[in-house]
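Take a look at this one chain, the form predicted on its own, written out in structure tokens.
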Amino acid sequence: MRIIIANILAIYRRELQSYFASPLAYIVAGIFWLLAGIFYVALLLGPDGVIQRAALIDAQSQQFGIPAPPVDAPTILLQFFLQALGFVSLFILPVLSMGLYAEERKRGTLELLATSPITNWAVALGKLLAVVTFFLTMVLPLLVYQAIAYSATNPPMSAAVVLLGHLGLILLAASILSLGMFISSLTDSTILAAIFTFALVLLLWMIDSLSRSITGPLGSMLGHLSLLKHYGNLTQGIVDSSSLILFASYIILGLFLTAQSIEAFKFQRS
């Protein structure tokens, strides 16, 4: 077991160092932070932002003399912002996962990796942990300005709700990155890997849309398979074991398919 953990950590460190040395990774992070900042300012201070909506409801209440229910502006802001981050991430994640194995194929190092004493599962898990860690470093700075904004609320917003919503974002990202890693293991073209991973993201998006429009057992089944639906539950502070099991299932499925893909590659070369 110690050898397996050491192998996973070795792959993890090597892959993480490659991300922090890649100009493309910094460009992706910069675009993510820029879009996140624009969305946050628009949702908070824009003409249709949370503050303007709360002020409008308060003004209408005073004008007509009808007491309005209190507006939980921080929670509404958090949910809208996490929805926006989830939307942006669906476009960013295929770029992060496209080179996980495709670059190894292109450089000719995949054969060395596949025939090494390290198991395919350990390699896949080390790579997945590295790319999820890089995505986590992209999300952490966003918590700083959110903490500043939420600290000014009265009563103060629960930190647990904020962290739970962002945990949902990380689980959503890990699920898509795991499936994207499998697609990357099938080709030596990073562009093709990104395109097919994005197509997969669109499929998951369609599953979520169909689950909302179809009634009956089929709609219910699609709802259970929808990553976006379960992500929405976590952003609303709803902890459901079925959501956690679904995210874990997608992550393990991606790891399993990747390990089988590398095993098939090794068999072809033997």
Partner chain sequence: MKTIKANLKYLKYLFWLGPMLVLAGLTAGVVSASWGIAPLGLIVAGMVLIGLWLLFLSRFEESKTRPGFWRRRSTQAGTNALISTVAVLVLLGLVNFLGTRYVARLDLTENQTFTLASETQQLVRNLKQPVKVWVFDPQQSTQDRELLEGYRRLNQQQFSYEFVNPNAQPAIVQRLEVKKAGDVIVEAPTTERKQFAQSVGNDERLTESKLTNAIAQVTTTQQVSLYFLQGHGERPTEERQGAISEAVKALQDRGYTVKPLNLVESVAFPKDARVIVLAGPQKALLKPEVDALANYANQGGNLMVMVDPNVNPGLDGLLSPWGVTLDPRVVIDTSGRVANLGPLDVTVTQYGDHPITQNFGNALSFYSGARAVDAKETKGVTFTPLLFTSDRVWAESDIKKEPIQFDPATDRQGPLVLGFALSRTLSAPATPAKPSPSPSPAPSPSPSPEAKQKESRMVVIGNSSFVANGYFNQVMNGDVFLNSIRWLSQADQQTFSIRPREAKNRRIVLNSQQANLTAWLSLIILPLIGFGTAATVWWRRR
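Please read these numbers as outputs of a predicted model, since none were measured by experiment. Numbering follows the first chain given and starts at 1.
Keep in mind the form predicted in complex with its partner chain is missing from the figure; the text below concerns it.
Proximity to its partner chain in the predicted complex, taken as heavy atoms within 4.5 Å, picks out 153-161 from the listed stretches 153-161, 195-203, 83-91, 117-125. Annotation: in the predicted complex, residues Ile27, Ile38 and Ile245 each come within 4.5 Å of its partner chain through at least one heavy atom. Proximity of Leu253 to its partner chain in the predicted complex falls within the 4.5 Å heavy atom cutoff. Contact check for Leu142: a non-hydrogen atom falls within 4.5 Å of its partner chain in the predicted complex. Residue contact check for Leu227: none of its heavy atoms lie within 4.5 Å of its partner chain in the predicted complex.
By the criterion of a heavy atom within 4.5 Å, Ala10 is excluded from the residues contacting its partner chain in the predicted complex. The partner is not shown here, but in the predicted complex the stretch 221-249 reaches within 4.5 angstroms of its partner chain through a heavy atom at His224, Asn233, Gln236, Gly237, Ile238, Val239, Asp240, Ser241, Ser242, Ile245, Leu246, Ser249.
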